[in-house]
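Starting off, we have a lone chain in the form predicted on its own, written out as structure tokens.
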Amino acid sequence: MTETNTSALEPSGDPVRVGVYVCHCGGNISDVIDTKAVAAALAAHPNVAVSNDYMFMCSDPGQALIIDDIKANHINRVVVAACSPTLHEITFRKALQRAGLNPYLFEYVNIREQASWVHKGDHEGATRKAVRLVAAGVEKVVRQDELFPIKVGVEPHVVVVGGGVAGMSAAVALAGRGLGVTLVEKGVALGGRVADLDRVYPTEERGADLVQDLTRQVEGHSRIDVRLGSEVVGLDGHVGKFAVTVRTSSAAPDDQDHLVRAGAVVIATGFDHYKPAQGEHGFGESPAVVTLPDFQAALRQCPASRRGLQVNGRPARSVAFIHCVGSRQIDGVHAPQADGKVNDYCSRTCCTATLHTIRQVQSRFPDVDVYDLHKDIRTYGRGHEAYYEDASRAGALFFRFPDEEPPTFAASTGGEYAGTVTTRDILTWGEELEIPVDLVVLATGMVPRDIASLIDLRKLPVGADRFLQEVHPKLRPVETGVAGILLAGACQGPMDINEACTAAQTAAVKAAILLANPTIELDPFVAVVDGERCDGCGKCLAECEYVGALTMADVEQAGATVRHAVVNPAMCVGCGACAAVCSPRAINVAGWTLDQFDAMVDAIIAEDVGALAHTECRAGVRHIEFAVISGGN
């Protein structure tokens, strides 16, 4: 039998009372969607007790509206129709908590990106679609059981992988917050790439002095255990309780493995310099062509004297710097890398590093002619533009070459100079120039260091640029998709020293907050197995990509030993891949059950939203029908 206009009940027997709140988003939604009509349509749902629209639901008054309704109108489920959940889902969950309601009895419906922004030319259609989406959200939350955070214990210790300035900065910051730190460095000394630099911008400090100061802080801290000549070869466990295997190479026949218990891991493995291909701008074919890092090393060893600039024992009266070597590459113009792709990203730091080096040459060897060849110049940091201005005033000549026509170098056979750089200059309407030079300096970009073995240990996310990828560049800038594993420095993209150290401090603060209490609370949206339905087929294991999240085990059930799937909730990410292949429907994702999906699909694809009908199957005991007004019509 079907009961018409009968509300669903809580497990306690109380009626389900849903509050629906439709946001104008300052016009981003309401300029296209009739938000009042959407709210009015959902008011007809038998389980909706309150349905309102408001200019900014995420604002303090908007949150207060929800909180007041929960308390005054006994709302026990909430649906917010607004912008992307990535922006404010946590905001609204916290509002529910403040009102004394379980924060997971909530559904966030995106009607900005999924309705108003994609249907700007069809206001009526966008409104109808919004009604369907919100109705689906109501159907889902009606079937939502109370969920509770997963609690895991915490090891107040952090493993930092990489002993450059980012890794050392993170270690010092973590130890200063009372956490134990194991700093793992593959090399024989701390310092990384910065130790190779003479002067760094913008402070003009010596790189060795920066490294020495950080090294002194690291080695002098009682909470930091430094392991040189070591690498991470095992990474098991989960956030709060990682088991990290650190292997230290030694002169003995066997390497030494050491197990470290840690609540979080900070990866600060740094970067590598791009190595030009044989013949790229003459590299590898002429000693007159060198990379910027090699030139900086030579400059550091070259004393200022009347002999002028000497590089590799050769005088350099004229030097050409070529930007974007190994960065901002173009398919069909540049040779692809080993994986078949070009480095189409900007390495960001090269322009300022090149101009900073030019200023060093000009200040120490004012008689040297300097030429700067670039696609364009990106001195994005505060005060960095001054390097360009000062270099120009001191006599450096700047030429801008087309993206698709990089400069070429031809070595001289017995001429006055070592060779000639040929380029076209956009700034002079495409005029072709031939520049006699003794030295060509290639401003090579940053490329990700080969840490494939570390990535494979936990399937760490990697971006299209091959650097490690954060969850969100603004909202979660140092977090990876693996809970408890954080990023610091140039392992996640090109950065200068200031940026790398800032990222390291951010990662340290994130780790400290994560490990501040004896337990960590994780979202409950993980796979759940119904042991009575599971037949132990094992199909789910083949689909799970998260090591240790899903296993098969023998369990006692109804006086017999049966084999079925077991979920480790601390390692499961709730992707749902296991549920998709489970024939007996024994696996569900908490908060996203198959019954909820069924109900949402029914609501979305109903032919006539004005007479939308749905069958409600909570515990198989009741069926419900209801009517929803379509778009206010």
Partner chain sequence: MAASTQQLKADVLVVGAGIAGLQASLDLADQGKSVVLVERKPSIGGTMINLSKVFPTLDCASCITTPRMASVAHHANIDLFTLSEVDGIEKAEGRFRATITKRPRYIEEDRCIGCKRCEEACTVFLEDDFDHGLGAKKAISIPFTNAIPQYPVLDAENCLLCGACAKVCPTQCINFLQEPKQVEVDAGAVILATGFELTPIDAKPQYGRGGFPNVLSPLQMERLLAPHGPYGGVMRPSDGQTPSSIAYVQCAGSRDKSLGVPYCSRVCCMYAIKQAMLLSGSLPIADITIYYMDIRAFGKGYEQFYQNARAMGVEFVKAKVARISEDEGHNPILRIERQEAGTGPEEVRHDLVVLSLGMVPAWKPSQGGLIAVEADTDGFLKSPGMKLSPALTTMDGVFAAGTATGPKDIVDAITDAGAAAMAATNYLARTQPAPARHLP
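Everything quoted here is computed from the prediction, not taken from an experiment. Numbering follows the first chain given and starts at 1.
A second form of this protein, the form predicted in complex with the partner chain, is not displayed here; the remarks below concern that form.
Check your understanding: 98, 300, 258, 261: which sits within 4.5 Å of the partner chain in the model of the complex by any heavy atom?
Key -> Answer to the contact question: 98.
Exercise for review: Please pick, from 126, 292, 288, 179, the one residue with any non-hydrogen atom lying within 4.5 angstroms of the partner chain in the model of the complex.
Suggested key: Exactly one listed residue reaches within 4.5 Å, namely 179.
**Q.** 4.5 Å heavy atom contact, residue 459 to the partner chain in the model of the complex
**A.** Flag for residue 459 set to no.
>> Taking any heavy atom pair closer than or equal to 4.5 Å as contact, tell me whether residue 366 reaches the partner chain in the model of the complex.
In response: Although the partner chain is absent here, residue 366 would stay clear of it in the model of the complex, with no heavy atoms inside 4.5 Å.
Any chance residue 308 has a heavy atom within 4.5 Å of the partner chain in the model of the complex? Judged by the heavy-atom cut-off of 4.5 Å, residue 308 is well away from the partner chain in the model of the complex.
Partner contact for residue 16 in the model of the complex: the partner chain, 4.5 angstroms, heavy atom:
Judged by the heavy-atom cut-off of 4.5 Å, residue 16 is well away from the partner chain in the model of the complex.
Q.
Looking at 170-178, 269-277, 231-239, 412-420, which stretch has residues with any non-hydrogen atom within 4.5 Å of the partner chain in the model of the complex?
A. This holds for exactly one stretch, 170-178.
- Taking the partner chain in the model of the complex, which residues of 173-211 have any heavy atom within 4.5 Å of it? Going through 173-211 in order - heavy atoms within 4.5 Å of the partner chain in the model of the complex - the hits are 173, 176, 177, 178, 179, 200, 201, 202, 203, 205, 210.
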